[in-house]
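Next up is one chain by itself, shown in structure tokens, the form predicted alone.
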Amino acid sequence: MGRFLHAFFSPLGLRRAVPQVWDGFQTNIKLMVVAEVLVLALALLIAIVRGLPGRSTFPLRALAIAYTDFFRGTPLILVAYVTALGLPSLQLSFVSNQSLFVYGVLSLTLVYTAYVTEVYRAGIESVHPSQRMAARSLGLNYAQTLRYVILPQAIRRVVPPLLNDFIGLQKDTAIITVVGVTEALAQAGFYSNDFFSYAGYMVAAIFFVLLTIPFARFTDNLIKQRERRERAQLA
């Protein structure tokens, strides 16, 4: 037991590991923020495409479905390897000359856009059809109905599941270390090799937990507020 505590929870080791692991954890935060912004925008666009009416838009709907099915079923680590190792090998002027950070963001965005697309789609479909019919009867076209009536209601309803997905994204930034991005997990590994101590991994875990818990509590609070509003409407 003493050896375990010394290897993982040595006060000196924990204190000494903090600056090095924090240096890498800032990269995790950057990966998370940039990927989240891209995911929010792209997922909404794909969700809208999936809901387009008419036969003429079937090819676009099919592409959107194929994208979400493919990337929801593909492990992030595999996407990261293909993106960070495969794209540079193509020797294309723009695509193949990006930094590892860019490839990491691209990997996270490709995978989590597929998940968030389904969250948006569920929110859009949860809006009662009568809302659409009422908007169209007032003279709004399809785009105006979507923008002013459907999306505002849908997005409010899916905020809690969106935050849950972003909690997962925040943790999965650690996977990007496999392609050479120097983030918290990589720095913890460097510390472990230099000092023969696993305290760096514990520091990295603490950083992730400290970032995750506020997201989780905020999500729980939003869910409770929505439940109170729904009970008040039914009363």
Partner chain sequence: MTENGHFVTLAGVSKRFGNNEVLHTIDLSVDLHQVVCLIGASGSGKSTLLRCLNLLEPVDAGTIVIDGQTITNGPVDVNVLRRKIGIVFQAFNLFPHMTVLQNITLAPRKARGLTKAQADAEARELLDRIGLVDKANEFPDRLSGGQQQRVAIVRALAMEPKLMLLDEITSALDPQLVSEVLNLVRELAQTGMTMILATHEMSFAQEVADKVCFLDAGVICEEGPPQQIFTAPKEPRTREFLSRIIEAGRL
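Being a predicted model, the structure only gives us computed values, none of them experimental. Numbering follows the first chain given and starts at 1.
Keep in mind the form predicted in complex with its partner chain is missing from the figure; the text below concerns it.
- Screening Leu87, Leu76, Val102, Ala135 for any heavy atom within 4.5 Å of its partner chain in the model of the complex leaves a single hit, Ala135.
- For the options Ile155, Val82, Leu163, Leu140, the one in contact with its partner chain in the model of the complex, meaning a heavy atom within 4.5 Å, is Leu140.
- Of the candidate stretches 125-133, 112-120, 94-102, 68-76, only 125-133 has residues whose heavy atoms lie within 4.5 Å of its partner chain in the model of the complex.
- Contact annotation for Val149: at least one heavy atom lies within 4.5 Å of its partner chain in the model of the complex.
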